[in-house]
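What follows is one chain in structure tokens, specifically the form predicted alone.
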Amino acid sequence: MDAVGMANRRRGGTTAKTWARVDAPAWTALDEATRGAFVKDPEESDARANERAFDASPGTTPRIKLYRDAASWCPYSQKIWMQLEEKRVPYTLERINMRCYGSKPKSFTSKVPSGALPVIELDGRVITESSVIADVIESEFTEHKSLLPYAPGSAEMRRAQTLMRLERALFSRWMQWITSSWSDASAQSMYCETLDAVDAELGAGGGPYFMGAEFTLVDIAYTPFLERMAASILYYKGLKIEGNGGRWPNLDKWFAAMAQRKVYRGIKSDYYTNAHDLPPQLGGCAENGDNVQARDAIDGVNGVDWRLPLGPLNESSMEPWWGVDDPALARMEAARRVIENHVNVTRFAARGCGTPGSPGYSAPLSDPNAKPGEEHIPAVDAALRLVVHAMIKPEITDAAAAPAVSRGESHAVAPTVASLEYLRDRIGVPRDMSYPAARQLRAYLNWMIDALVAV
């Protein structure tokens, strides 16, 4: 299996087959059937938003413009995004590619020659480096809730600084382990010992957060990396640190508390997205052989995950869900995300049967210069309408309920399958939708793929 793991999984015997759609509703009908069925909580962060006004008076121009990565992969951008959302500081947004998945516009590099993210413009002044940006936001927006409300030199501030240093130590141990197979057991031991110290500090502070009952910048410092550690260590090393079942109980309380924060619910990624967006950022991640079962489950290639029927997620799932998962609502969210952007989604999917981009980029989940297979777009469009229709019909929740397709002369099977696979393997969380919704859409795309292969 390649770096993406799944994008090029092909079924045999589909090359010359053709299929005909039966009873695929039009996009207008699908839109009418689902309008209002999923409404995102406005208190949650929204990865698709270009501006957040919060409580500002209408017509007020935000003082901050945030530049963050377009795919919501960058952990340092995530810190500033979370801080602005938690403080409810109004801002506008411009998305900039990370180097591993696209070029940066000259309008940005003329301001920031290094091209590094995140960046803010505060009243027109360019500020770089996430730690500097965080300090500036706290000092400039004192009318908003403070996320580090401790006096300089106080015991609380000293504890916060100690915890920040511990976070860097944990980060270092993670990097040593996740990027190398050399002395794997020793690297694991050193990482776990440092995570033991993190868990102990969470307990010593009374929890559930690092400074006790109050959510602070310390939690924001840990969040992007604990999230990525949970995904990558399970995927590449086979060790479950989130929902471990005993060794790190205070860490689980922290994960559970974070999951209840509306800001984080809209920002959190999933294991699949993190496991595949990290290697191009870190220069590669190393498997140790103990990870195969977890890797195949996260990639959806074990014949169970990403397959119908899907039960609800919970805290005991391989990827724990620390809240209530409503599969019907998740399906509706996924359906609405496709319906609202169906023209672009269809063309994006058709890259799977089109021409690879040139130049290419190191991130396997990204191919910004790829060209869709134009002649197969009607087939991909029809298949996606059948997928969305299935997701909104309550009786179609099981693999046994085959989609309405049959052998016919309308569309070629192989390029349609390739396109649906391409889309399935590139659904990004939170960029495109939440994890429960992405999980449903991936499974229904497989449902359609299997039906086409069987034609």
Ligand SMILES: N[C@@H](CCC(=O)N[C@@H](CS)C(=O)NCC(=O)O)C(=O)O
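One-based numbering along the sequence shown. What you see is a predicted model, and the numbers here were worked out from it, not measured in a lab.
Although it is not shown, the form predicted together with the ligand is what the next lines describe.
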Spell out, yes or no, whether the shortest heavy atom distance between L384 and the ligand in the predicted complex is within 4.5 Å. no
Given that the ligand is not shown alongside this chain, does C74 nevertheless sit within 4.5 Å of it in the predicted complex, heavy atom to heavy atom? yes
So in the predicted complex, is the ligand close enough to K87 to count as touching (4.5 Å, heavy atoms)? no
Are any of the heavy atoms in A116 no more than 4.5 Å from a heavy atom of the ligand in the predicted complex? yes
Among 182-190, 96-104, 309-317, 335-343, the stretch whose residues bring a heavy atom within 4.5 Å of the ligand in the predicted complex is 96-104
Between T223, N288, Q281, T194, only one gets a heavy atom within 4.5 angstroms of the ligand in the predicted complex; which residue is that? Q281
Identify, from the list D296, D135, E129, D326, the residue with a heavy atom within 4.5 Å of the ligand in the predicted complex. E129
Residues within 4.5 Å of the ligand in the predicted complex, restricted to 323-359 and counted by heavy atom: none
